[in-house]
Ligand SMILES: Nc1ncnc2c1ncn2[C@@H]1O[C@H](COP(=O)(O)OP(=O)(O)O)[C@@H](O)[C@H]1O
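What follows is a single chain, given as structure tokens, in the form predicted on its own.
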Amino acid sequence: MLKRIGPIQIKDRHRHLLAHIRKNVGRLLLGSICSLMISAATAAMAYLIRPVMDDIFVQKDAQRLAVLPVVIIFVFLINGLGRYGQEYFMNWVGEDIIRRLRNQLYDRIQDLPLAFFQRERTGTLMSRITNDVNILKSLVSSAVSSSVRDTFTIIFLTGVIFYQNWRMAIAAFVVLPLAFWPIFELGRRVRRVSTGCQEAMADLNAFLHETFAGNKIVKAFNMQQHEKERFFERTRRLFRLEIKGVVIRSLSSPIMEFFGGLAIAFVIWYGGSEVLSGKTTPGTFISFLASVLLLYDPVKKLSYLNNALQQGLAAADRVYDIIEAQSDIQDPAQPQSMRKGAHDVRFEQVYFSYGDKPVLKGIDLTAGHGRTLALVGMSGGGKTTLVNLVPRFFDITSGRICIDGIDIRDYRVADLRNEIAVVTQDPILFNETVRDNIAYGNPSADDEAITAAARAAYAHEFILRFPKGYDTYIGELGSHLSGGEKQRLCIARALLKNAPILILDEATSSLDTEAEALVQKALENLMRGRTTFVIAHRLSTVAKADQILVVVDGRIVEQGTHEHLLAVKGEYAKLYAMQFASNGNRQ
């Protein structure tokens, strides 16, 4: 379950982020040295104004005129090298941390249970990995480099200012604390607005994913204009939040400019009076004024750093909400070893609920090894939920599910799922080659085994018709294939996995008669010798099952063979009669 994190844990997650930064301490140190070079060069440029003014223009010192240009060139060279090094090292660190966080986030998401994916929208999860993590990049690379460079610059320029004239330095620094309080207050508001922007962007991504994936339905119902208006409303919401953030962030600069202007005006008045009275030289005054002007720029940037920090922390909270999520499906402390070969599966008084909604109520059944057990009944009765409990996509509320007499919760989840193959109503394939899709459950399989699985699934012939045969890419979700072809590739994938327990969830319900006949032949090859659970609406496809269970409202109300259930004239007979009448009417 996804758990909300309190203040103490939020501190922990920020320490975890700092741990990622510490892994790049070498490059961070080099980047900091480069920042130190920039800061020293900036302070040196401000200080050099004094000898240029006093020694060259006032004293007319020819020796200084020969030396100072070389010194200035050297200072600018140091500044340029420092800026290049800082950009390279800090961005390297930022990109590396973002890569690590994305990997950690994807790793965590893949390990979370099926219930998590039913709660969270795909587009929202995509936004966490792309948009939110990317915001952290600016926090890690830009903000860290800026804080190091600007802090050093402030320290060096402050030293130059106090060295030049400590009385004017104190006057210049009086107004600075006045500017900090509103800056940090604005920063807190930036964090709230940034969280809203990230949530709006996640909603936008989710909307795009839904409407692009369902574009065929959008066009079929002539709903293009409706979807455009929904999209425009979301972009308006995001726009309003972004502008609100711009307004808050933009206030930082005017505040700093105003207080900076007060300080500079005072310095000009006070310093000018000291020059007129002969207490200081024009070069010292101009050098001091340049130092103050240069000082306010890094101070102003540090105010922006607070905004970036608040945005980054908001993104970090959203990212770590996922990383710190805990799965309900856990391995036992001392797992049982699962033997290879055929298995029997037994449900003992199994109850299951989605939250407060009971779905299965006291299920008792036994599927002997190598036998086929069919589940039939009206939609919503709990058939798919029942078979989803076998590979622990969900954990039962009470009761036991045993394989070979051992509770499945006593096995490692990976060991359990290695013994189970699944073929669903909606064939899920990936935008890889035909070969890669068939070998998905057994990546080490050789070409001979892949071809044998394709032949057994009646897929080999149509695969050879593709331009590159088994090396043909099949498109997103197998978009280049027909429904029957996709399903036969899924069956080939299950065959190659060679798992002793098989789950067929409406594997032929979406196919036409011709495609269904081929897929049914492939399924017979797949089911041979395996403990099989079959869910089917078409009762003709389960007539040969060893045992048929009729599931109504989460309970097994009838069980037996096809002939036995027809003879007792109960729920199964009613379902069979309804389908027979429906088929007859279509004829």
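All values derive from a computational prediction rather than experimental measurement. Start at 1 with the first residue shown and count on from there.
Although not depicted, the form predicted in complex with the ligand is the subject of the following passage.
*Asks:* I need the one stretch from 489-497, 198-206, 342-350, 374-382 whose residues put non-hydrogen atoms within 4.5 angstroms of the ligand in the model of the complex.
*Replies:* After filtering at 4.5 Å, what remains is 374-382.
*Asks:* So the ligand isn't shown here. In the model of the complex, which residue out of Q334, Q110, Q225, Q118 has a non-hydrogen atom within 4.5 Å of it?
*Replies:* Here the answer is residue option Q118.
*Asks:* Tell me, out of I248, V359, L365, I78, which residue has a non-hydrogen atom within 4.5 angstroms of the ligand in the model of the complex.
*Replies:* That would be V359.
*Asks:* Is there a heavy atom of Y354 no more than 4.5 Å from a heavy atom of the ligand in the model of the complex?
*Replies:* Contact with the ligand, yes.
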